[in-house]
Structures are given as structure tokens and as C-alpha cells.
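Alright, here's a single protein chain in two forms, structure 1 and structure 2, each given by itself as C-alpha cells.
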Structure 1
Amino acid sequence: MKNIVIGRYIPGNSFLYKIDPRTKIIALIILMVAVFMLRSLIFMLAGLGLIMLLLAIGKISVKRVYLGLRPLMFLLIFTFSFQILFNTQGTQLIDVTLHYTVLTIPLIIALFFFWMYTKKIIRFKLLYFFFIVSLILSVLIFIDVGYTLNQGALTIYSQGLEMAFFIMLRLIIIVTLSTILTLTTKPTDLNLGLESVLKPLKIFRVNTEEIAMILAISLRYIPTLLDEANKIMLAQASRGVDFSEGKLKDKVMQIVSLLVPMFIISFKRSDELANAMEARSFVPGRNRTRLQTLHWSSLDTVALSIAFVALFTSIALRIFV
């Protein structure tokens, strides 16, 4: 809980910090569209290269971005494996027999438990995970000793492999882009930017100031609520609720024991906050002056032009290649 980095601003002074938040938000949308236009793995790799270049010029450490990706690791691994195992288009690359014998089954179970109990003390968890997965696969492929209970086949097709990498890269690029936005934009600026980017929605009678206020307050209260969740977890842990381990049923109970107090506290909190806001003369929908203002500079024009060039390039690639 403590290490959540989504939406965290890290002070810095590269050009990414000097771009107007409106530019960053619009560029983010444009670049996402551009990424979704791409159709082949080569282009996606080129895209990843450009993103790495952006990180390098913008002096953003890859480690920060990796921290932003970590909560999505499960999703990444899942989509990756899914494509590899079940996409059967293209030419067959690998076709090996998996031997489930009286020797290999206990062996992989042992490996699994070994991983379960050692993963906590290993530093490179992801690497370790892949190491164990390849160990298990090697056992199933190469050890054909003992009475065979069952046989399976591991077949990998060229399209499956390509799609697996393609989708994974696309996800990584998109999350990296959003992480760049939140890492380099102060919450206040992000909010102002969103408010003015949303402004065109006014013609559909959407109250954009109110949406911006809701977003601002959400941003403001995320750290407070996380603190609260931590406190409750500690309190529940001292009453014997174990948040780290357990079966699915226990997990559900743990989550309930967290959510119920969180819900009650948030309710009280929002009631008090609403009172405090009204006491300070806040009237929903009424005009307000603003302390913070945004300034468009030539840097923004350049940044936005580059984003558009990227978009047109990927549209061209889509049409002509």
C-alpha cells in the first residue's frame, strides 16, 4: 500500500515539467490513439524505443516507471501467457510433449511451494518468477521418468508469440505514457489542465468546474485514505486478521474487514468536508476566481506538433504498410 506511485508527482526540472498540463493531457490522448493505430510488432518496438528516448531526454528514471507498471504485472503476465498458449494462428514454432509422471508431478508441486516460501526473500521477484516457470517447464519437457499419468502438448505458434509481445508492449507503452504525465505534473496543474481540456463539454451542459472540483478533492484525499487503510489494516491485524496470506474465503473476509470501516469513515469525512467547504463560502456552480493560471509557451507548440507527427506517422503506416 505504501509504495503506490500512480498519481504521485515527483519534483524535477526537465522539459517535461515545463510543458503546460493541457499540452500533456492532449498529447497523451493523441499518442494513445497513435499507439492503437499501430499494427505490427516492429512498429510497436520502434514506439517503445521512442518512449525510452523520451524518458532519457526527460530525465525520468526507468525504475519509477517500472514501479508504476508493477501493479499491472499480473495483467501483463496473464495476457502474455494467454496469447502464447491459445493463439493458434501462423506457423507452428514449438511442439513439445509435456510428461506428467509420478515423478514430475511431485517435483513441480515441490517447486511451486519452494517458490511460494522463497519469493518473499528474493529481491528480483519477477525474474525469479520466470526462472521458476522455466524450471517447471523444463521438468515437464525433459524428465520422462516414472509411470506416465498423462501427456500434454505445448504448442506455440508464430502469431501467438508475436501477439503476446505486441499486446504486452502496447500495454507497457500506454501505462508509461500516463505515468509520465502524473510523475511530471503537480496535482494542482493536472487538475487545472483537466478542467480546461474538459471545457468544450460545456456545450453538452456538462458542469466541468464541478467535475474538476471532484477530481481535485479525490486527488487530495487519495493519500489520506491510503493512510487510513493502513491504520485500519494495522488495527485489524492486531485483532488477528492476517492480510498477507490465506485462502480466497479468508481474503474476502479481510477485504470486508477493511472496506466496512473505510466506508463509514469516508462518509463522516465527506460530511465534515462538505460543511467546511460551505462554511468557506463555497456554492456549487457559482463563479470563482482562480489562483493558478496556465501559460502556453512555444515549448507547448513544439510538443503538440511532435505528438501530431507521431499520430500522422502511425496513420500513414496503417494505410500504406
Structure 2
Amino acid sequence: MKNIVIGRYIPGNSFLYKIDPRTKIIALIILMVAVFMLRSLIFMLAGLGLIMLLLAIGKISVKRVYLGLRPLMFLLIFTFSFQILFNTQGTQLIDVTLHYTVLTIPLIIALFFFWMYTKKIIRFKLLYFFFIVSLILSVLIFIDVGYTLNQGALTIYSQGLEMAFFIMLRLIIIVTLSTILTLTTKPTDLNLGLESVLKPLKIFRVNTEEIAMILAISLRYIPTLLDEANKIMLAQASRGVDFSEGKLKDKVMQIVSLLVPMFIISFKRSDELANAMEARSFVPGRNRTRLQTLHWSSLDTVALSIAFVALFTSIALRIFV
């Protein structure tokens, strides 16, 4: 949890930090629409390449972006596997028989428990997971010894493989763009930017200031609460609590022992925030002055123009290619 970067601001001095938050929010929406307009794996790879170039020019560590993607790793793996296993369109690439015998099933169980007990000491856990999965598939494919209990088939089609990579890259690009926004924008600036972007909703009598405040506070307190949860887990680990071991009943009790102090800390934080806002004479819906104001610059014009160019390019590619 200590490496979570969702909602966390990292100080820096690249051009991304100098762009107006309103420009960043509008550009993020435009680029997301542009990504959803693409329908080819080649174009999606090109988009990922441009995002990597943006990270390099903006001096943002790829490791931080990876930490932002790590909480979604299960979703990425599930989506990738679902497309490969159930998409039967296109040319058949792989068609192998899986052997479930009295020998392979105990081997698979043994590999699973071996992975459960050794993953803690392995540094690259994701690569280790894929290594174990490949071993299990190798056992099912190549070992056909003993009494056969059942047989299955692993069939992979070209369209399924292409769509698996396509959807996974789309999710990676969208999450990376959102991570860039939160990494390079202060919470106060993000709040001001959201208020300005949502101002047109005032026509429909929507209180945009409160909505922007709720969104900004939510993003601001995600890393704070995660840090508090990490401290609680470390404190409980020093008292002998292990969240990854024990029976199901024990794990439920351990989670409860984590949730109870988290709820208490959350209520305490919210009460402190309410007192701080009240001490500063904050009244929802009332007009108020601001210490910081946003200023549009030529850099914002260039950034927004590039975002529109990306959108028009993706629309043209969708229509004519």
C-alpha cells in the first residue's frame, strides 16, 4: 500500500507541471475520447508509444506509472485471459489438448501450494506468477501419464489474441493519462480546475463548487487513508498478525481488525477537515475569494491544440482506415 500513487502529487519542474489544471482536465477527456475512437492494435501501440514519449519528455518515472497500474493488474489479467479463451473469431492459432490425469492434477495442486508459499520471497511477483501459470499449462499439455480423468482443449484464435492486447493497451493508456494528471497537479489546483470546467453545469442549477470540492477531497485523501492502513498493518504485523496466512475465519477477523481502526481514523479525519473548513468560514454555496487564481498561457494553447489534433487524427483513422 505504501507504493500506491492514486491521487498522490509528486513535485516536479517539467512542462507538465506548468500547464493549467483546466487544460489538463479538458485534454484528459479529449485524449480518452481519442483512445476510444481507435480500433486497430497498431494504432493503439502507436498511442502507447506517444504516451511513453510524453512521460520521458515530462520527466515522469515509468515506475510511478507502473505503481498506479498495479492495483488494476488483476483486471488487466482477467480481461486478457477472457478475450483469449472465449473469443473464437479469426484464424485458429493454437489448438492443444489438456490432459487431466491422476498424475497431472496432484502436480498442479503441488505447484499451486508451492507458489503460495514461495511468492513472498520472490521480488518480481508478477513474472513469477506467469512462470507458474506456464508450468501448469506445460504439465497439462505435455504430461499424459496415468489414468485419464478428463480432457479439455486450449484453443486460441487470432482475433481473440488481438482483442486481448487491444483492450489491455487501452486500459493502460487511460489509467496512465489519469495518473499523469494526479501526479503533476496539486490538489488545490485540481479543485480550482474542476470548478472552472464544471461551471457550464450552473445553467442547470448544479452546485459545481460542491461537486469539485467532493472530487478533490476524495482524490486528496486516497493516499492519506492508504498510508494510515499501511501503518495499521505494520503495527499489527509487529504484534504477530499475518494477513496472508491462516484459515478463512482468521483472515476475516484480521480484515475486521483493520477496518475498525480505519473507520475510526476516517471519521476523525473528516471531523478535523470540517473543523478546519469551518474555522476558515467556509459555507457551501456562498461566494468566496481565493488565494490562488488560474492563468491561461501559450503553453496551455499548445497543449490543448495537440489534444484536439490527436482527437481529429483518431476520428480520421476510424473513418478512412
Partner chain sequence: MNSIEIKNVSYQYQPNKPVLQEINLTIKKGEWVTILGHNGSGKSTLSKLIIGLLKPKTGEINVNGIPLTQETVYDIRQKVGIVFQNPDNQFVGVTVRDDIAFGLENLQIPREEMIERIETYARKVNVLEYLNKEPHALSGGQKQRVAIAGILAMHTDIIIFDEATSMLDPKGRNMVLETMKQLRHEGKTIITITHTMNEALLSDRIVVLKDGRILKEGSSQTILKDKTTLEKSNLEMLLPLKVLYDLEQENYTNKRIKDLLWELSLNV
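Under this definition, the rigid core comprises the largest set of C-alpha atoms superposing within 1.5 Å between the forms. Residues are numbered by position in structure 1's sequence, first residue being 1. None of the values given here were measured: they were computed from a predicted structure.
Only structure 2 comes from the form predicted on its own. If you fit the rigid core between the two structures, you'll see the Cα of Asp189 move by less than 2 angstroms. Comparing the forms between the two structures, the C-alpha position of Leu93 differs by less than 2 angstroms, with the core used for superposition. In this overlay on the rigid core, Arg220 has a C-alpha that sits 2 Å or more away from its partner position between the two structures. With both forms fitted on their core, the C-alpha atom of Arg269 sits 5.9 Å from where it sits in the other form; this compares the forms between the two structures.
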